[in-house]
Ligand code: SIN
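First, one chain by itself in structure tokens, the form predicted alone.
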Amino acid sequence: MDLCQSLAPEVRAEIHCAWLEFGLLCFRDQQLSAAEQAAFAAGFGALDVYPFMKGSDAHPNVIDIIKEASSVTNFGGLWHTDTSYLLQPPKATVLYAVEVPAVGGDTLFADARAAYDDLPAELRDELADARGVFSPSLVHGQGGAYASEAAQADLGERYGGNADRAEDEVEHPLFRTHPDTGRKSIYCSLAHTVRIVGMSREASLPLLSELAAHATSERYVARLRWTPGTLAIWDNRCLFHYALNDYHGQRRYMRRVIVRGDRPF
């Protein structure tokens, strides 16, 4: 399948159904410009803008994610769903590999739907109506994972901006319901969930850690090995992902587009 070509409506419908079923689709050996990648992503909905990184010169909805050979910090190197601290987090992420290291740089994906289904009934019932406080502060705030000058230098000149939004907070359910399939999934993460509503951070962390460890345990995880020209699209509403940082001394260049979603419920 050549994604830079116009896809027939029935083909797009088949892709969309497969995406809802599996959560992650991978297309190999693509030759896509930034505009063509964005056009494919737009078939899943309105495109959004990532708040903490400047868009590519080639397209405003595309961000270039580059780790140079001299860098240590990578982008997305922890379990998370993309920008879950927004009021309306993206429903889809479309990532395209331009340049990948000879060894390493894979991405792990965890199925939070299956993880929810396997939760102990007591824990699922206890947290059925619980909500979390989500914030970019744990990553992008003054004391966040990317706060140091070294980390910001590693992330590149396009990283940054919107510092006034880095301490924002929103509330989302710890378990969200998929608007298309009706399936529930674990939605909170240690990267973006500060605490559980009605509890302190200290009291919340054991529960958040238990949910995170369960959702990302090996039986729910798949590993994507990138090759140049690989495009992946995943359902950000029900999958966690983790960009492995195991390729120091090598360059990795990815392009990312996000598709606007709805408010979790």
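Residues carry their position along the shown sequence, with the first being 1. A quick note: this is a predicted structure, and the numbers were derived from the prediction, not measured.
The same protein has a further form, the form predicted in complex with the named molecule, not shown here; the description that follows concerns it.
Student: May I ask whether H80, L95 and H241 all come within 4.5 angstroms of the named molecule in the predicted bound form, judged by heavy atoms?
Tutor: Every residue of the spot touches the named molecule in the predicted bound form.
Student: Only one of 159-167, 68-76, 136-144, 182-190 gets a heavy atom within 4.5 Å of the named molecule in the predicted bound form; which is it?
Tutor: It is the stretch 68-76.
Student: Given that the partner is absent here, does W234 sit within 4.5 Å of the named molecule in the predicted bound form, heavy atoms only?
Tutor: W234: yes, in contact with the named molecule in the predicted bound form.
Student: Using a 4.5 Å heavy atom cut-off, state whether R256 contacts the named molecule in the predicted bound form.
Tutor: Although the named molecule is absent here, R256 would touch it in the predicted bound form, with heavy atoms inside 4.5 Å.
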